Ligand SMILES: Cc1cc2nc3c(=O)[nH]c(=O)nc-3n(C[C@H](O)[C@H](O)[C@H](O)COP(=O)(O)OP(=O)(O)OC[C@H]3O[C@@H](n4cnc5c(N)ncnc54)[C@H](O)[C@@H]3O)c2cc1C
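Let's start with one chain on its own, the form predicted alone, as structure tokens.
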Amino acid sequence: MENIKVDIAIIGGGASGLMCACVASKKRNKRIAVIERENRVGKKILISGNSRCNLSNLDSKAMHYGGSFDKGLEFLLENFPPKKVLTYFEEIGLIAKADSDNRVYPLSRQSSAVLSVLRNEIQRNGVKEICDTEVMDITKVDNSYKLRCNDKNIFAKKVVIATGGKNNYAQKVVTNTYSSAMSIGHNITKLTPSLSPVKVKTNLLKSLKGIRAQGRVSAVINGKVAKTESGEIQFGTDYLSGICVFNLSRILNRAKNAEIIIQLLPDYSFTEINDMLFKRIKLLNNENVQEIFTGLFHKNIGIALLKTSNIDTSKKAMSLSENEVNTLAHTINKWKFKVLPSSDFSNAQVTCGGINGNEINPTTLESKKAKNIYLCGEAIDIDGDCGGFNLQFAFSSGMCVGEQL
């Protein structure tokens, strides 16, 4: 079996690992290797942001994140904020620009540009990429660490664990992403999919597959609203999707008694919706009740609303009772769906959970379990909202660790 000796071994060739390698490699006379289990580094970068790579968000604040590494998060966002990360990217050849929602993309809108500048920088600085190599565990050997891999052993004085989450890249689920961290004694918090569609219990969505609507969605846990988001809602066969739903998935996929409530007319109160329906009924008179929704919602959404309200879809508009109109107004104002907590990572963009943040030094990201081992990126129990927040954390943490090495 081949034995390789380096000064620094970075396990994981994703966003945080590559950024870490870039910064660390500025210090000359360091033998650095990035170890990647796949046949090339940066695969998840290539698919991020619909292949446009939303690499940061100028509004990166703690309120957009969840997890157990809150103290470290605050330090990173203060000392390695978006401005510092973007300045560094410009130094190594990437020009980026923020849109009206503070989401930052490369000017070319190509994720390949982000990966290229990172790889170009590490290659300029002599960093070695070791691909098709999976690290099984880490053990202390004298004054260094032995990384036992599938076909070789790698010995390093310092180690960085940047292995990413359970959904490692391109919707591929990886079961043992955290094995190297666990081998040195780290605990892993509960893992659930985040930034993912939310499965719901209903038979109504089959007819809505592919339909989109603007509205407001709320995560309701044990009868109390936990979080609310607005935006485009996408309907699937048995799930709800869209960025606004993604931002609730972290909460909903971890809860036992959860609902998601859709407000299709969030700018109108129940009373205003009720009055609107009565006016439309008066206008339609003897026409089918489904015509009430013309100009408001997609026809199939209207039918689903009627069925949810237990109203016969073949009725005439004028035959609706006052109680039926009130019920329909309530449904439009608060359309409730019972959530089925999911453990399916295949469609998740991010993993919620990871290496317990209390076991990591919040200012250096060095492991409290083993000296000279550092952790960064999605492997840590931190996940953010949709919109560049997760890549911002990956780059901030990678930069922080790179400066320590």
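Note that residue numbering begins at 1 and tracks the sequence as displayed. Keep in mind that what you see is a predicted model, and the values were worked out from it rather than measured.
Beyond what is shown, the protein has a form predicted in complex with the ligand; the following relates to that form.
- This chain appears without its partner; in the predicted bound form, the one residue of S342, N356, N372, Q349 with a heavy atom within 4.5 Å of the ligand is Q349.
- Residues with any non-hydrogen atom within 4.5 angstroms of the ligand in the predicted bound form fall in just one of 23 to 31, 333 to 341, 38 to 46, 360 to 368: 38 to 46.
- In the predicted bound form, S16 approaches the ligand with a heavy atom inside 4.5 Å.
- Contact check for S249: no non-hydrogen atom falls within 4.5 Å of the ligand in the predicted bound form.
- Put simply, G72 is far from the ligand in the predicted bound form: not one heavy atom of it is within 4.5 Å.
- For T133, a non-hydrogen atom is located within 4.5 Å of the ligand in the predicted bound form, even though that partner is not displayed.
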